[in-house]
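Next up: a single chain in structure tokens, the form predicted alone.
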């Protein structure tokens, strides 16, 4: 006897396959001052949960299987490990003083954590949950430590410097430093891995870097206190948040020029983009909100109230 699709769906749901129905991803917002994480359903842009994640959560990334969320906690000098099924902290990794950005390697085997006061990047083995090694940086107060698309390099921005450190993951050493503007912060790589974009806050500029040569190929005027960077999955557009302007600039990769500026909340910071590239989520640190931008229309569609002083948004890919 053939079953109609309706009855098949009922059988799957009854057998515990509800995840098939709940296909939409979640956006996680780290709220520094309220010490928690807001969970947003990307399908309808509504808050569905809030859970504690240390005293001052900042950077986030998920395990490759999507079961764990890794969150840096500044006062604890630690990386908190959150089970995403229960949304509870199940473990931690001790780090140096004031950890910030957390990023996963493309193969999922390593995490890179920028540790500000330690002036280093700590590399965590995801299989063991322990630190494998750390690399001292040339720049002071590193904030972001982002893997290149092939996992060979980690680009490190340090707030109290005018350079980006390039760590060779294989040799566990700084391979070179790239001269950029004052106070480099957000970093993003194009999908093909050929270019990296660095926002320099006190220079009000974004620097485009050729990854093969580690050389600056373009300097793009941005808004005041340019900060966060997010690259669209299509590789044609780069978004930069401008903290003092309360805007997001749209960079055309072909011309390396700002083509549009979109008004968001106060002090926009770190951003995330939905896996399909349709929506950009912008953490507004002084508005206690997340602005949602339609990336096709390049217009803000809504503001979502979150916790106190959101540092950034993370959406598992």
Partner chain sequence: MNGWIRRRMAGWACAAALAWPVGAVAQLEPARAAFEKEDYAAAYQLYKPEADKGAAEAQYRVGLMHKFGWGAARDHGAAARWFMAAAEQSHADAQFELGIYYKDGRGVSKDMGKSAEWFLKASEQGVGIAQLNLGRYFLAGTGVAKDPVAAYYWLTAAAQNGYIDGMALRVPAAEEMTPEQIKETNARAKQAPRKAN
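Positions refer to the first chain, counted from 1. Not measured: the values here are computed from a predicted model.
Separately, the form predicted together with the partner chain exists; it is not shown, and the next lines address it.
None of the heavy atoms of residue 80 is located within 4.5 Å of the partner chain in the predicted bound form. Residue 245 falls outside the set of residues with a heavy atom inside 4.5 Å of the partner chain in the predicted bound form. The closest non-hydrogen atom of residue 172 lies beyond 4.5 Å of the partner chain in the predicted bound form. Within this chain, residue 216 lines the site of the partner chain in the predicted bound form, having a heavy atom no more than 4.5 Å away. Partner contact region in the predicted bound form: 181-189, out of 104-112, 234-242, 181-189, 147-155, criterion any non-hydrogen atom within 4.5 Å of the partner chain. A single residue from the set 163, 195, 76, 84 has any heavy atom within 4.5 angstroms of the partner chain in the predicted bound form; that residue is 163.
140 is the sole member of 132, 94, 140, 168 with a non-hydrogen atom within 4.5 Å of the partner chain in the predicted bound form.
In the predicted bound form, 202 is the single residue of 188-203 with at least one heavy atom within 4.5 Å of the partner chain.
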